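Only one chain is given next, in C-alpha cells, and it is the form predicted on its own.
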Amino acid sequence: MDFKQIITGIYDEVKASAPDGKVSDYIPELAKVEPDKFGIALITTKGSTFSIGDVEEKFSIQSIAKVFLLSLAFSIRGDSLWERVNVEPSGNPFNSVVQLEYEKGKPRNPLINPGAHVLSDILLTELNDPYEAFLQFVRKITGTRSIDFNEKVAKSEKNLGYRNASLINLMKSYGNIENHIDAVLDFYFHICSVEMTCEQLAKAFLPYANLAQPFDFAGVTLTRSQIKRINAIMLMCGFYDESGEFAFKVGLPGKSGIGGGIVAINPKQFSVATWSPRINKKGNSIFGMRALEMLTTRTEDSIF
C-alpha cells in the first residue's frame, strides 16, 4: 500500500479545508498554541515511517497519556484493577460529576478523568517514585530520552483544577482514593503535561499495534491478552463521549487529547498520530478526526 501517497493526499485536502473549532482555552498554557498547526505521522509494524506537516514539533498530549497510565497500572495490578474502575463507555463528558456520583465513586472507564485519577492513586501507592517510573516508561517506549513533563502546563492545569478536585473528593468519600487528594492531583496534572511530537507518539503506540512482539519497556510488561484489552478500551472509550462516532467513522482503537493530538492503531499493521490544535465541543481535534476517517476510507481497511 502506498502510504506516502495516501498520507500526502489526506494532508493536502484537510489542510486546504476551512478552519473549524478552537484551541482549548480552559487551560491557559494550551490557549497559547498556534491554532493552524497540522501534522500526520504513520509508522508500520515493519518499521517504515510516513509523515508530513508539523510532525517534529512537540505538543501537550493531555489525555492520550492516560493509555500509558493504564499500561503501568494494569501491569502492576492485573485483573484486580477492574475492582476499582469499570470498562464501559461513559456516554457523558469526561469530567462528569453526576455520572460518578450515580455510580458511587467507581469510574466508568480508565480513560475519563476520574478513571485516570484512580490509576494515578494506584501508582502513588505502588511505586516509590511514580513520576520517574512514568517518564522512564514513556521514554523507553518512544526511544526518546528527552521526553518530559511541561511544568508550565502542569501548573496551569493545577491552578484551575477545581472540577478534577471535586471528582477526587467524591471518590475519596466512597473509599476509592487511598492517597492525599493534592498528591493525586499533582501527579495527574504532570501526566497530562507530557509533550511529544507526532512521530514520537506514533512510535509510542506501535507496540500496541504490533501484537506479535513482547511488550516490555522499562519494567512495564503486558501480555498479548492485556494489550488486546487496552486496545478494546481505546476503541470504546478513547474519544470521550464521541467514542461511538469515532468507531463508526474510523473503525480503529485510539485516544485523543484536548491538546489536539490523536493517535490510533490498526493491529498488526500500523500506528498513526495526528496533531491539530483546533478541537470540537467534545474535545477532539477536528482535522485529526477528519484525517483518520479519510485514512481508513482510502485504505479500505479498519478493524471491522
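Everything numeric here is computed off the predicted structure, so don't read it as measured data. The first residue of the shown sequence is 1; numbering continues from there.
If you look for the form predicted together with a small molecule, you will not find it shown, but the lines that follow are about it.
Peer 1: Heavy atoms within 4.5 Å of the small molecule in the predicted complex: which of the stretches 214-222, 84-92, 131-139, 188-196 has them?
Peer 2: Heavy-atom contact with the partner occurs in 188-196.
Peer 1: Within 4.5 Å of the small molecule in the predicted complex, do we find a heavy atom from each of 11, 51 and 293?
Peer 2: No, none of 11, 51 and 293 comes within 4.5 Å of the small molecule in the predicted complex.
Peer 1: Mark residue 257 yes when one of its heavy atoms lies within 4.5 Å of a heavy atom of the small molecule in the predicted complex, and no otherwise.
Peer 2: Flag for residue 257 set to yes.
Peer 1: Whether residue 240 contacts the small molecule in the predicted complex should be assessed with a 4.5 Å heavy atom distance threshold; does it?
Peer 2: Close contact exists here: in the predicted complex, residue 240 approaches the small molecule to within 4.5 Å, heavy atoms only.
Peer 1: Quick one: does residue 121 come within 4.5 Å of the small molecule in the predicted complex, counting heavy atoms only?
Peer 2: Although the small molecule is absent here, residue 121 would stay clear of it in the predicted complex, with no heavy atoms inside 4.5 Å.
Peer 1: Do residue 248 and the small molecule share at least one heavy atom pair within 4.5 Å in the predicted complex?
Peer 2: Outside the cut-off, so no.
Peer 1: Check each of 67, 27, 41, 262 and return the one that places a heavy atom within 4.5 angstroms of the small molecule in the predicted complex.
Peer 2: Exactly one listed residue reaches within 4.5 Å, namely 27.
Peer 1: Which residue, 96, 164, 226, 156, has a heavy atom that falls within 4.5 Å of the small molecule in the predicted complex?
Peer 2: Contact with the small molecule in the predicted complex is made by 164 alone.
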